[in-house]
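Below sits a lone chain in structure tokens, taken as the form predicted alone.
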Amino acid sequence: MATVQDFSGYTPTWCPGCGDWGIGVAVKTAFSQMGLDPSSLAVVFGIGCSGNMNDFLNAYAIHALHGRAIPNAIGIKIARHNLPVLAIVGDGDCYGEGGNHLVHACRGNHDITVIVHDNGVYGLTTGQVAPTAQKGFKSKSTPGGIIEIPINPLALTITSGATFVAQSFAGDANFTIEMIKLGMKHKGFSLINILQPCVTFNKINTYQYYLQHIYRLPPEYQKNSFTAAVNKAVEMNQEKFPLGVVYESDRPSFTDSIPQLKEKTLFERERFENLESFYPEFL
């Protein structure tokens, strides 16, 4: 079985104390505990501090364009639907530039796992406001405070058709490991939103702030209830952040609904060497 070190690439350059460190450890540990190795999964990264993990993680991975990690991950999954595929992104990358891709990936129930570093800012470009920032948040791009209300990632994905939606906190690596493992084991679209303090550019949503506003869902919580899940999700609008599996349901995944993929992957299908033979039929 591959160890955590087997998944380690270059030494991270994240700021000391950044929540990305905890997420990076959690991702590699989850892979190891699931019995995977660097050649048995595919990872697509977005742009941002979270995307820099592309250099720090040893696996089959690519750095996508800003906001385009999810469609790249979907393409890989359709070609190799027997391969675990993840998109590791930031809140600006996924909920901002990539918001349209996120919604339609939920609708299709594509069997990918999306791990979001949610810190409320664009940290790599020095702290501009991101879609999950609270109304009134001041940054170099919004010195008078942001006018818009924040995106609610849990409510958005649940109501768009995601079949697994969970939330964790970067300050609790062990809990984050479990959420990642559950999300990867789920057959269908999985979102793990990880509350991730940015110690350099976000002085509001600190570790202390989250410790005062987070809580774990109780064992008796009915995660298969759509109504209960939406009710829990909207609690984030009042700065109350539930941790755990907020919603899980069973629905056929996108690739399971494609009859051409029943017997083998698209990658394994026969390739036609002489495409010119098809010209008369289609031209």
Partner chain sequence: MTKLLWKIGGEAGFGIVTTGQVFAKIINRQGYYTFDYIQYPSLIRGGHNTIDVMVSDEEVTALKKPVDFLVCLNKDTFEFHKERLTPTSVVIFDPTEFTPDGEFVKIAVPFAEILKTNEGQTVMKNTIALGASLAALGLDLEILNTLLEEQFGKKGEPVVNFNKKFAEEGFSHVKKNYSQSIKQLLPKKETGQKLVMSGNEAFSLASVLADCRLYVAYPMTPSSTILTVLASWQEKNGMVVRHAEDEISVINTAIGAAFAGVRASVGTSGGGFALMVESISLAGVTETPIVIFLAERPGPATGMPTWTEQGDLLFAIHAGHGEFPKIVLAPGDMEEMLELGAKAYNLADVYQTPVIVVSDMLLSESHKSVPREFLDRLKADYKVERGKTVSTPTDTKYLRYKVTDDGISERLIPGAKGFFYQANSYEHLEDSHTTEEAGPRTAQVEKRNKKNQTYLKTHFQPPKLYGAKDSKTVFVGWGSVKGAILDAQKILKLKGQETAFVHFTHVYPMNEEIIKPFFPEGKRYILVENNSQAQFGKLLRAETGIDIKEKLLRYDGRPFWSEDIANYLK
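Note that this is a predicted model, so its numbers are computed, not measured. Numbering follows the first chain given and starts at 1.
Heads up, the form predicted in complex with the partner chain isn't pictured, but that's what we're talking about next.
Participant: Have a look at 87-95, 169-177, 186-194, 101-109 and name the one stretch with heavy atoms inside 4.5 Å of the partner chain in the predicted bound form.
Facilitator: In the other structure, the partner sits against 101-109.
Participant: From the list I204, L182, L124, V199, which entry has a heavy atom within 4.5 Å of the partner chain in the predicted bound form?
Facilitator: Checking each option against the partner chain in the predicted bound form, the one that comes within 4.5 Å is L124.
Participant: Looking at N231, S249, Q33, S40 here, can you tell me which has any non-hydrogen atom within 4.5 angstroms of the partner chain in the predicted bound form?
Facilitator: In short, S40.
Participant: Thinking of G17, V25 and E239 as one candidate spot, does the partner chain come within 4.5 Å of a heavy atom in every one of them in the predicted bound form?
Facilitator: No: none of G17, V25 and E239 comes within 4.5 Å of the partner chain in the predicted bound form.
Participant: For K262, is any heavy atom within 4.5 Å of the partner chain in the predicted bound form, or not?
Facilitator: Close contact is absent here: in the predicted bound form, K262 is far from the partner chain, nothing within 4.5 Å, heavy atoms only.
Participant: With a cut-off of 4.5 Å between heavy atoms, is Y60 one of the residues that contacts the partner chain in the predicted bound form?
Facilitator: Y60 belongs to the contact set for the partner chain.
Participant: Would you check, heavy atoms only and a 4.5 Å threshold, whether P143 touches the partner chain in the predicted bound form?
Facilitator: Flag for P143 set to no.
Participant: Even though the partner isn't displayed, in the predicted bound form is P71 close enough to the partner chain, meaning a heavy atom within 4.5 Å?
Facilitator: Within the cut-off, so yes.
Participant: For 44-82: residues with a non-hydrogen atom within 4.5 angstroms of the partner chain in the predicted bound form?
Facilitator: Those in contact are I47, N52, N54, D55, N58, A59, Y60, A61, I62, H63, A64, L65, R68, P71, N72, I74, G75, I76, I78, A79, R80.
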